[in-house]
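Following this are structure 1 and structure 2, which are two forms of one protein chain, each written alone as structure tokens.
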Structure 1
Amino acid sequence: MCANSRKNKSPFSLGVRKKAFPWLVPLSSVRLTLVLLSLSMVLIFVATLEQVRIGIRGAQAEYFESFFGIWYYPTEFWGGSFLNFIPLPIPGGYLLGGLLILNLIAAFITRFQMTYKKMGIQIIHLGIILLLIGQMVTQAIQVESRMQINKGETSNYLERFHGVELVFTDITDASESKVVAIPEEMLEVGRTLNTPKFPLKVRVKSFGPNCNFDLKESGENRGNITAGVDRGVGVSSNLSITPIEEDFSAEGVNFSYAVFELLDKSESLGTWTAVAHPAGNSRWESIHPKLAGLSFQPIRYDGRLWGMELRAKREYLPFSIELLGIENEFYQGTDIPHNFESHINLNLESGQKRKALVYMNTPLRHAGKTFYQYQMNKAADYSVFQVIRNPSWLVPYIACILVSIGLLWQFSFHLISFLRKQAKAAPAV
């Protein structure tokens, strides 16, 4: 039996694999790879341009976390005044990333030879596939939050950077409070929400991610959004709300608002308005004393006292962090931060305490979450951590190790072959 015949009979040989997966052959095309990589460059170019207009988060949502995005040729470019009206579809990150993964896997199966000589290339591509899949997993399950703690105080919850929730908290009992939180995704206008955990029904009359607000003089028209509000801070402050577009820019602050009616069975108890302050509802008092109640609008029902507010989505933790002290250092004579550090006590679930120091690029890792030093205000004595939950955080490291091993293998193989050839070619002395 000749060598070729033996090779073809191996279940992992190239011929057998191509025969077993003929449908993968067109997907493994190198041309497709090049086209996808070229389109990726276009995507990055367009998204970078758009970042100036709609901010990082906007560009990310529009172009990278989508199947395709629509781009309008910038008016500042040559011929922009004529070409600006044409909508140009740009392939999005999900489309290109998904197709690149398919392309790589198809190539892996139908084109790559499983030999020692080529093993380095296979490992490199395996690393890249892992990197792409890891990114998709991260995209799907990573959660970013923030934790703000005042010096000397303890916090046991995280707040999402984006997204709000309408919260009803039963504070009647001194030992514990019961929270009912409705996420913004459910605050659809006209929808009536109820849950056995809250005795009243909530009918959403208006909701928006951002607004301008104003305190009108007594008797002055509040405008359409809050015209029907007859209870709470909306009435006592004569609060007027004008919806505006969500600000996606890095410096943008969004004041989400909700107007809702509470119903006891079918009887209306009144209509309230709630606005979420992006820096926390405790800040309302400093904006205007009349708005202080936006952090807690009471309603008493059936012998229980409930507080209502619209706030950043929260996640409560089984452990807590106490801020013992903060230090911030700047380069002399500048506002450029040199170092921020927070001295903390980590109060563990078991009741034990652990001291830790969190500073720039040296986060605290606990319970699957990573706490990075994010912001600090020494004047107001508080520190803010950016908290990331990403179960797949190790994947990029593993992928990079695989790529490094692959490169090392491939170059070493060629180097050794070359040295052997050199040794053979060298004339005997």
Structure 2
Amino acid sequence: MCANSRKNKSPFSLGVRKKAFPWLVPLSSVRLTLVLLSLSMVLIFVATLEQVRIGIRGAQAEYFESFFGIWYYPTEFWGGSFLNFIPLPIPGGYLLGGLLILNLIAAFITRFQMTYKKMGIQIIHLGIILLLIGQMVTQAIQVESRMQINKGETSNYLERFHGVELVFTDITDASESKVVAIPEEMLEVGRTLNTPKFPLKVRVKSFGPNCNFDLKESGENRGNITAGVDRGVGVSSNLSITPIEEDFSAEGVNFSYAVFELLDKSESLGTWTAVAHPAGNSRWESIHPKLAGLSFQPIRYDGRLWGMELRAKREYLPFSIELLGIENEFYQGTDIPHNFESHINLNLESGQKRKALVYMNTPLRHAGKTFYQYQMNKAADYSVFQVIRNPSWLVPYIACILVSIGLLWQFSFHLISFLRKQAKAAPAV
């Protein structure tokens, strides 16, 4: 009895920790853990169904990168014609993940004992906590981009998969150009933008992440979006724009658009329209010759020549990549790709060059970015890299190592205890 009393008075005992942190006890409930895990299964089920409708990226943004999402019962399911109109709130990844982290931390503090017998369980839970935190940090700060390079050319910038920018480029001096980029976040309808780097004001009249477009016959109505456009390609091509929802599916393409007016102080210089091609504005000519000008619409002001375009948001790098050659291999007798290879020169900031080979499942890592072989067109002689910036990419590896150490510790401890008991119980020879 005395021994038990001394044990209960230990600062590391279970009872003392519960008294010290009474508000953590409800959070450490095993029932809460089971509820959160069950809701996570529901979330995964719903998000998997929604991938068919809105694609992987859309389901990820709607359900995993949010605190809650709204789901409508599919009409294809039993009773769908009656239940489809009811909006069902689904807890999102941020909410469930955050609560699971709090649940594990609370259990870590209030329930688990720091003894050799329980040390493995402690390490396992620490690894799981780290894994959950790492996943949430990754979703919050990871940035995905693309880099497309033609064979024999060099590139020093990335393009975002989602997000555009309205760009004005001063090309008056052939030896040096000045670029003014307005990000998508600032292209709010009705907003007037003024930057000291660009001499004119920009008043946004319309903007959208995706649209259908058509070239109308001369004199034909262009619709409400481009009705007031009186300058640039929008007039010469009689371009009509119909806004549609952004397509997040893997095969989806989005043509962002902007309609804006340029102002010299309070005097209007006309209204332009711009559309961004998802594969780069150099591709407009292949759609229609009249749309080729969308890659560069000239604007003359105060003796200077500016070019305007709406393009994918760019990130310029302190180094560049030169594409030396590309190779693609297919399974024999099929057109199914077996391997893509890009032979590159990595031109470093110091002026040095390093040759590298980027192919499937073997990326290039440099300056905190990972370059994966993403697409390739042998006929057109260009290669596309998917570029990931994820500062927490090591966290899952560390978490898995901790879980492995914890499992090894726990199994080894019980195995040794079992062998010792067997040795003591064995009859003497």
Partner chain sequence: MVAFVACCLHISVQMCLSNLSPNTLGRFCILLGILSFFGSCSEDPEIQSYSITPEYDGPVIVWKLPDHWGENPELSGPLAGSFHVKTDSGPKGRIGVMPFREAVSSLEITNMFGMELGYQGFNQESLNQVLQVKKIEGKNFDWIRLTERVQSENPNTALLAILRNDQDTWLFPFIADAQLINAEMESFTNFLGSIIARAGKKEIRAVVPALPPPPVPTASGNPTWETPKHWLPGKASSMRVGSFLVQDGNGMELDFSITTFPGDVGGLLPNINRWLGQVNLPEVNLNSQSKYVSEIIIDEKSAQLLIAENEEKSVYGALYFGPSQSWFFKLIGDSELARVEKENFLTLLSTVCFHDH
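Model, not experiment: these values are computed from the prediction. Residues are numbered by position in structure 1's sequence, first residue being 1. Rigid core: the largest C-alpha set superposing within 1.5 Å between the two forms.
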Mind telling me which structure is the form predicted together with its partner chain?
1
Superposing on the rigid core, is the Cα displacement of Glu329 between structure 1 and structure 2 2 Å or more?
no
Quick one: core overlaid, is Glu176 moving 2 Å or more at the Cα between structure 1 and structure 2?
yes
